[in-house]
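First, one chain by itself in structure tokens, the form predicted on its own.
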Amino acid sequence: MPLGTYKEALSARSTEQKILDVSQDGGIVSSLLCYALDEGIIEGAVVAGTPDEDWRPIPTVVTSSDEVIAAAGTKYSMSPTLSALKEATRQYGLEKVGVVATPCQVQGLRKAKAYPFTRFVADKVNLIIGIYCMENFPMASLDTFATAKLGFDSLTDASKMDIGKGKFWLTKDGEDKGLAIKETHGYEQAGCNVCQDYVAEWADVSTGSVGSPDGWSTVLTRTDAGESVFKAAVDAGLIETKPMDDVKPGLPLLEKLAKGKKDKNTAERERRAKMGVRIPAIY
């Protein structure tokens, strides 16, 4: 099961233009957080906040829809998002917290909810939104892509960053420059080579662009909590949906990429095991 266990798969996008204007794809993460905040399902959320001028994402606690929208957009360097959980629960005093996380972070959070000595924080998390992730890049790698490979003077020259159609994209002065994904191999975070999860299988709801047309997101609802908040946001008119059978390229592409990551990284784990190399427990 390359996509893990899920209840329903849909192509979806926000109906609110102010969210679509700042979102990477269909604005699903922002829409779900805004709805959950407005309805009191959560009191705040921990997200990868707006990058500073060198594109380094900042773990951020958001407690309003305006703050959610200000933090919107995909970040391609790892944000230590879970480090802000203590701030959310202790400094902000939040009892119902949402978290937006990559697959590896979702795994860590689920384990934290199971361990007695971390549950006093993790048990206050009642909505986990997972983001599809093939790999993530250190800041030094992103700078190399910008300067050595795409001819920018600095990564700070870029106004937008994206991955799509087989390329890593940077935008400067309205002009897009793309680097083939195969040319980014070897620059990813070391842990990405042993992670087998592309679609955040342990989240309440997972989302990403793969499988849906431009401007839409593919959504997998996985738990009762994820299904409930997603359906409620749809019923409230904040999200519109299409059956995956009605869109191209559809689930087959998502399944192909998810299986490819599992197969490739399982082989790497086996190779390391034969050499006696220990794999971090989070994976």
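A quick note: this is a predicted structure, and the numbers were derived from the prediction, not measured. For every residue, the number given is its place in the sequence shown, counted from 1.
Heads up, the form predicted together with a small molecule isn't pictured, but that's what we're talking about next.
Within 4.5 Å of the small molecule in the predicted bound form, a heavy atom is found for every one of 24, 73 and 209.
Put simply, of 238, 37, 48, 229 only one has a heavy atom within 4.5 Å of the small molecule in the predicted bound form, and it is 48.
When you look in the predicted bound form, the only residue of 85, 142, 127, 131 with a non-hydrogen atom within 4.5 Å of the small molecule is 131. Put simply, residue 136 is close to the small molecule in the predicted bound form: some heavy atom of it is within 4.5 Å. Shown alone here, residue 220 lies farther than 4.5 Å from the small molecule in the predicted bound form, counting heavy atoms only.
The closest non-hydrogen atom of residue 184 lies beyond 4.5 Å of the small molecule in the predicted bound form.
Contact check for residue 89: no non-hydrogen atom falls within 4.5 Å of the small molecule in the predicted bound form.
Of the candidate stretches 116-124, 97-105, 171-179, 148-156, only 97-105 has residues with heavy atoms within 4.5 Å of the small molecule in the predicted bound form.
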